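First, one chain by itself: the form predicted on its own, in structure tokens.
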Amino acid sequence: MAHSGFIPKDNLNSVIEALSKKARLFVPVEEGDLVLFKPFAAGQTMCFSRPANLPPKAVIFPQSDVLFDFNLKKDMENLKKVEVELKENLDFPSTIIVGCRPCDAQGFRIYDRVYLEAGATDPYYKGRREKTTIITLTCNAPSPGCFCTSVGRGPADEDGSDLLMTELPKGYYLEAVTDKGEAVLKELGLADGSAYREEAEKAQESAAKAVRKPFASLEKTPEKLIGLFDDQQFWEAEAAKCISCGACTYLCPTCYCFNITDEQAGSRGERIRSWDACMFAHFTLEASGHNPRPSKAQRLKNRVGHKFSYYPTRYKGVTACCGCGRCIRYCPVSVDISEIVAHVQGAQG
């Protein structure tokens, strides 16, 4: 049985402050109307009552990441010869994330299959992932748009987390999921939490029952999507109100598209990896001027197809959507990916 601990509510801030002395610590912080993951600092207003507007994916997969510095040294005796000096940035600090939600932690598992397990390991993702401990707060009630149980997950799913924390009336019940989570429990020296296990499990079950279910099952959805691949009328109808702003992809815990650019001044420069999005028209634009996905309908088809057909087909049925609902809550024109999937399941494809 996993080790457990308990934090009385009045002690939570002191426990978080203690964690901040052991590693770089990220917590959900209120900034106006937003809740964002920020490095911990004394005096911040932390928010654990609702999921953050943005998932903490940038902690491990930064929005803009300098992969290496380079210096081009031209041979002045032979100007056709250039020597390239590279300096990789692979020194990653120990990091702890506190208060992400199970859907956010599962997002890193979606990344793991691509960046760690697909045959070509990404050293930048690997380095940060291994150095990061994820302490997840289970959801005690669904937020608008959530549909995690419909994609095979749940508000207390432990996949991707190292330590699971459940809020109860008197405090927080903690249960270790991995060795890293066990280590944090031991270092904090918390009181044994086993007396609260049953109460926590009931709270988790109650939250799972409250999550909306926009569709009954994902069975046959990958095949349905393939069957609709050439149905342009279907995809144009689904994409009619989309404005291709790409907000859904930046808010998504599982989206991992990127672009690579070199920023150079003189002979020195940096190679930078930055988030990109398949919803942007330029994403697939080729140097020749040809664009294989020139319309927003084709781009939306790719986004839905990737999450509910291509990824699960490649990775043993795992859906690349964690049902967090952010893309639904914050879409400026209310595109609802769960409705699209329901339409796919009901379509004659």
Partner chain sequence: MTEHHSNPYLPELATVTRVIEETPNIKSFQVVLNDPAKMKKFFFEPGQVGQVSVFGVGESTFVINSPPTRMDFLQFSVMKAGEVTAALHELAEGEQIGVRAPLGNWFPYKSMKGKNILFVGGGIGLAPLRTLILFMLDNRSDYADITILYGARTSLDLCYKQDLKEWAARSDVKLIQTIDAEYPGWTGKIGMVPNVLKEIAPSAENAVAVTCGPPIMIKFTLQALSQLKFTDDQILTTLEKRMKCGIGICGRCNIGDKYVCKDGPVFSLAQLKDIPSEL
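The term rigid core refers to the maximal set of C-alpha atoms that superpose within 1.5 Å between the two forms. Positions refer to the first chain, counted from 1. Small disclaimer: the values here were computed from a predicted structure and weren't measured.
What follows is about the form predicted in complex with its partner chain, which we do not show.
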Query raised in the report: Each of N13, F37 and P144 near its partner chain in the model of the complex, meaning some heavy atom within 4.5 Å?
Result: no
Query - Listed residue (D230, E198, E219, E205) with a non-hydrogen atom within 4.5 angstroms of its partner chain in the model of the complex - result: D230
Report summary line: Students should find that, of P169, G189, P123, P93, the residue having a non-hydrogen atom no more than 4.5 angstroms from its partner chain in the model of the complex is P123
Report task. Find out whether any non-hydrogen atom of D159 is located within 4.5 angstroms of its partner chain in the model of the complex, and reply yes or no. Result -> no
Query raised in the report: With the partner left out of view, is D262 within 4.5 angstroms of its partner chain in the model of the complex by any non-hydrogen atom?
Result: yes
Query - 4.5 angstroms heavy atom contact with its partner chain in the model of the complex for K131 - result: no
Query - Any non-hydrogen atom of Y256 within 4.5 angstroms of its partner chain in the model of the complex - result: yes
Query raised in the report: Counting only non-hydrogen atoms, which stretch in 176-184, 93-101, 161-169, 113-121 is within 4.5 Å of its partner chain in the model of the complex?
Result: 113-121
Query raised in the report: What residues in 264-294 sit within 4.5 Å of its partner chain in the model of the complex, counting heavy atoms only?
Result: Q264, R271, R273, D276, H282, F283, T284, L285, E286, A287, H290, P292, R293
**Report entry** Core-superposed comparison between this form and the one not shown, K186 Cα displacement 2 Å or beyond
**Finding:** no
Report task. Kindly check if the Cα atom of K241 is displaced 2 angstroms or more between this form and the one not shown relative to the superposed rigid core. Result -> no
